[in-house]
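Included below are structure tokens for two forms of one protein chain, each presented in isolation as structure 1 and structure 2.
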Structure 1
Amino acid sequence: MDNKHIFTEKLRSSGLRPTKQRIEICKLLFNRKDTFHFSISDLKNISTKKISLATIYNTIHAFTRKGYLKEISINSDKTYFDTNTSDHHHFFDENKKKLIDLDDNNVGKIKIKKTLPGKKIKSVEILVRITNDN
């Protein structure tokens, strides 16, 4: 599937020039049927083209600012990105270092009892950490 014109528009609307390397990043991210969870190092490792880490980093963060990707912080030194930008929950498999979507119908009603003056809740997203049973 050739979506070069769609990728070019995504890049331009994110304030980026559509270079060959950035179009390759778009293919890796958006030329797929299923949601894609990844870290910047994951993306670097699956790329078959020579793309600098700075280009990957800048492109991913421009896409995140534009709303094409969602950033999910696992801890202070590990961040994943998600091509599904809707509000939804995740499992994080600590053994496999893998982020997995958790459907809303698998989570009961969430009630937040505390409010902060002058603030309203924008969304609630749960990160459930899982590990092997042994």
Structure 2
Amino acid sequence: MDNKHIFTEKLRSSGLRPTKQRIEICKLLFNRKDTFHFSISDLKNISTKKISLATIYNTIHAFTRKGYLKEISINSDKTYFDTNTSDHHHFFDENKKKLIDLDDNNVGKIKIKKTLPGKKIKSVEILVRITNDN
């Protein structure tokens, strides 16, 4: 896994210096097959290297500004982020407090019939709350 070089390039090309903290965070976030939904504390917990909390916040915010992460709207005490930055929807498992992707093709076409003068639609997102069946 020599993604280090790839991440270094990615960071440089975004005007972010490739520090060891940022590269470590890149590995944690982007070295995976599936979409990753996480909170800051999740990220801190899975990191073996010790990165200060301030740096984690700084880095995640920088990545969000650069468009490498997306902030997800769920009413929670914590903010969630998503490595899938495309327009897509979510299940939110209220028991596990976990987000699960819901691709466009898993959702019928959404038609918003109401319009508001002087306003344009920026995004349309569905949140499907789920709980244990029993």
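Predicted, not measured: the structure shown is a model, and the values here were computed from it. Start at 1 and count along the sequence of structure 1; that gives the residue numbers used here. By rigid core we mean the largest C-alpha set that fits within 1.5 Å across both forms.
One of the two isolated chains is the form predicted in complex with another copy of the chain, namely structure 2. With the core held fixed, T48 shows a CA shift below 2 Å between the two structures. After superposition on the rigid core, the Cα atom of K98 is displaced by less than 2 Å between the two structures. A displacement of less than 2 angstroms separates the C-alpha positions of N75 between the two structures, with the rigid core held in common. Taking the rigid core as reference, the CA displacement of R17 between the two structures comes to 4.0 Å.
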